[in-house]
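Have a look below at one chain only, the form predicted alone, in structure tokens format.
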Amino acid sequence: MQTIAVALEHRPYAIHVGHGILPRLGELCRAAGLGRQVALITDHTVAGLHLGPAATGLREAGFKVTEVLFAGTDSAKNLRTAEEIFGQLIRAGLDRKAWVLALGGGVVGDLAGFVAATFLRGIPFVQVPTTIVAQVDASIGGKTGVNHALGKNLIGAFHQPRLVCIDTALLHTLPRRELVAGLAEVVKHALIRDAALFAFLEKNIEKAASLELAPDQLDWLIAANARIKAAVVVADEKESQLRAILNYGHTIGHAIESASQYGYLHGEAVILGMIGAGEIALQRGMWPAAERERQDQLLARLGVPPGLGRLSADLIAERTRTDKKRLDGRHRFVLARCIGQVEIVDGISDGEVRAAVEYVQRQHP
């Protein structure tokens, strides 16, 4: 098992990464000094796969577990679902020494974290991510939130987890579509921060997407991405500047999710969003065509989701205007300089955004 320190000044915590560490969950949570009462929040799919071992391990370690299940879809990640969960926690008698455990993908982590951030004005929570996108990105950094009908993740809070436990063996239960969507965030990390990781993916993307990597290689890949995310979070916890680079591909990606009524998985939309961001950077002369081609070829090998041509370019462009990074009514985009280096650019015009969306639609109708 590898342990990565997230060395935040006021709320440091550990990320444990290992193949087959779920049976140690109770032991790891007890070592973190958590209270006896825990609300284990998960979705129906994950419950059928992993709830039993997780809950059993916690109970054997002396915790009193309240199991909370919800639909686990982006369309269910809203205030209405949060209110229903609050009711379950109140009826179960959870107090301020209680804590929340999020067992699942990014949707579960976002919603459970939001519940923990707001229930009784904030109680601790632990992330046990079960998808690639959650293991390398969503579970780390304390972003919690729910969706609104007008946009994704517009309601939320920063609330750092007390602990993150990543069992890479759980990834073998995922369908290929989820694996591909998760690897989009791995490619994103390489593009923004690590050219050597990008080169590794150029050699191994098919093996990664099929989980044909050896357990130690898979642990290395997940841990490498967790370190990238943790380093950025430590440098900029509340996304005042640097942390925004983690949103590469997300401005257009979130707009596609919203415009499609979440018909795309998050990672699928980010793939399309990275292609769009690459086009804006190319048209602005920010990065060489050869670098953009490397990005797009790797994404093509990973798998670009079809069907974007069926959506309205106007609607997608309109939805980018609700992006949280907008300042003074202007678009703020993360754009690439080269593989492994990006920068935050203000003042991207509506016309540039629409042209980029139309480019992606032509390339991947």
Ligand SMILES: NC(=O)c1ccc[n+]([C@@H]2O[C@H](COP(=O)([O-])OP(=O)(O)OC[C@H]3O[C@@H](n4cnc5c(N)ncnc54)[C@H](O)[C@@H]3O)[C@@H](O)[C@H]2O)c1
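The numbering used is simple: start at 1 and walk along the sequence shown. Just so we're clear, the structure is a prediction, and the values are computed from it rather than from any experiment. By rigid core we mean the largest C-alpha set that fits within 1.5 Å across both forms.
Below, we refer to the form predicted in complex with this ligand, which is not included among the displayed structures.
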Task: Heavy atom within 4.5 Å of this ligand in the predicted bound form - residue from Gly285, Gly93, Gly87, Pro175 - done: Pro175
Open item on the list: Going by heavy atom distances of 4.5 angstroms or less, which of Ile252, Ala281, Ile123, Leu170 would be at the interface with this ligand in the predicted bound form?
Closed with: Leu170
- [ ] Indicate whether this ligand has at least one heavy atom within 4.5 Å of a heavy atom of Asp110 in the predicted bound form.
- [x] yes
TODO: Mark Glu268 yes when one of its heavy atoms lies within 4.5 Å of a heavy atom of this ligand in the predicted bound form, and no otherwise.
DONE: no
Open item on the list: Considering non-hydrogen atoms and a 4.5 Å limit, does this ligand approach His189 in the predicted bound form?
Closed with: no
- [ ] Evaluate Leu315 for contact with this ligand in the predicted bound form, applying a 4.5 angstroms cut-off between non-hydrogen atoms, and reply yes or no.
- [x] no
- [ ] Look at the stretches 272-280, 199-207, 218-226, 124-132 and give the one with heavy atoms within 4.5 Å of this ligand in the predicted bound form.
- [x] 124-132
Open item on the list: Contact check in the predicted bound form: Arg11, Thr66 and His159 versus this ligand, with a cutoff of 4.5 Å between any heavy atoms. Do all three pass?
Closed with: no
Open item on the list: Going through 59-75, which residues have a heavy atom within 4.5 Å of this ligand in the predicted bound form? Please give them in sequence order.
Closed with: Gly72, Asp74
Open item on the list: Once both forms sit on the same rigid core, is the C-alpha displacement of Phe125 at or above 2 Å between this form and the one not shown?
Closed with: no
- [ ] Taking the rigid core as the superposition reference, indicate whether the CA of Leu179 shifts 2 angstroms or more between this form and the one not shown.
- [x] no
